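Only one chain is shown below, in structure tokens, and it's the form predicted on its own.
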Amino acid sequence: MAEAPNPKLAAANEALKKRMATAILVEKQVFAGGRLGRFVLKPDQGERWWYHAGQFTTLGLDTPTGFTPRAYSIASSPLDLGTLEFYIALVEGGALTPTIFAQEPGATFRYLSPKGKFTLTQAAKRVLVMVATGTGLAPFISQLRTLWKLHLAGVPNRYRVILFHGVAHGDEFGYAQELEQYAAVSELGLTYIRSCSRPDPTKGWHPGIAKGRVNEVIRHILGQPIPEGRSVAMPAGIDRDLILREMIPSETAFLICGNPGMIEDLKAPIHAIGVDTHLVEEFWKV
């Protein structure tokens, strides 16, 4: 059971609540046995903060222990006028996520103006290697949706994108169908690589999905060592050498979002191949 906040924190949260805008939950999709969910909010009276793809905002709800705010990356594109989408994992006993998952369409959320520097403009490179674990995929969905909408509008794509998404089980790949659609359009320049650390065919794994933790799969591609006793396998149809050749150090940026341990583990191999640009966004369970 989540602990009640101390009085000072509770007072600060209540003061924050009064400064937050309100939005209505208009769509909710829960999957992976109730562990993951998509939540789409429509700001009241059409009010919506402008943001850049990859930024985050703070969501807040009244919970059994008082008003609780937490930061979440935005999965929708800033070109999706009128709604804000979030990709969230349920944490049993968490401070906020059990209350989020208990909400139904029509519920009122509160949110702050989006912010953050985890954007394509900050990366400023031609080749973008995006690495996510779990719901750390959210900012990349925002960025890829934006590139997709610009492509549909006739704007040439200037990026080559390689997206790695790592989860435990094969039923936890949110947005997989959408991402496969993007990857099938050559002009978008996207390679989508999924990886399961627990590759169980009864839970959705198949040969088109890599085996191993996503950071270890990347270490394998980069020719860097993986921990003793661990093993990885590339997905069917993915050429390891071709992927590596595309990561020209002077033209490549890594954007990494998810588990802090994964982020830390990739620092050395990225440095070893001579890439000097990488942005990180840590996801903590709440």
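We number the residues from 1 along the sequence you see. The structure displayed is predicted, hence computed values, not measured ones.
Another form exists, predicted in complex with a small molecule; not displayed. Remarks below refer to it.
- Stretch 94-102 is the answer when you ask which of 186-194, 210-218, 94-102, 152-160 has residues with heavy atoms within 4.5 Å of the small molecule in the model of the complex.
- Checking Phe173, Phe140, Tyr72, Tyr111 for any heavy atom within 4.5 Å of the small molecule in the model of the complex turns up a single hit: Tyr72.
- Site annotation in the model of the complex: the residue of Val129, Ile88, Ala132, Leu147 reaching within 4.5 Å of the small molecule with a heavy atom is Ile88.
- In the model of the complex, at least one heavy atom of Phe56 sits within 4.5 Å of a heavy atom of the small molecule.
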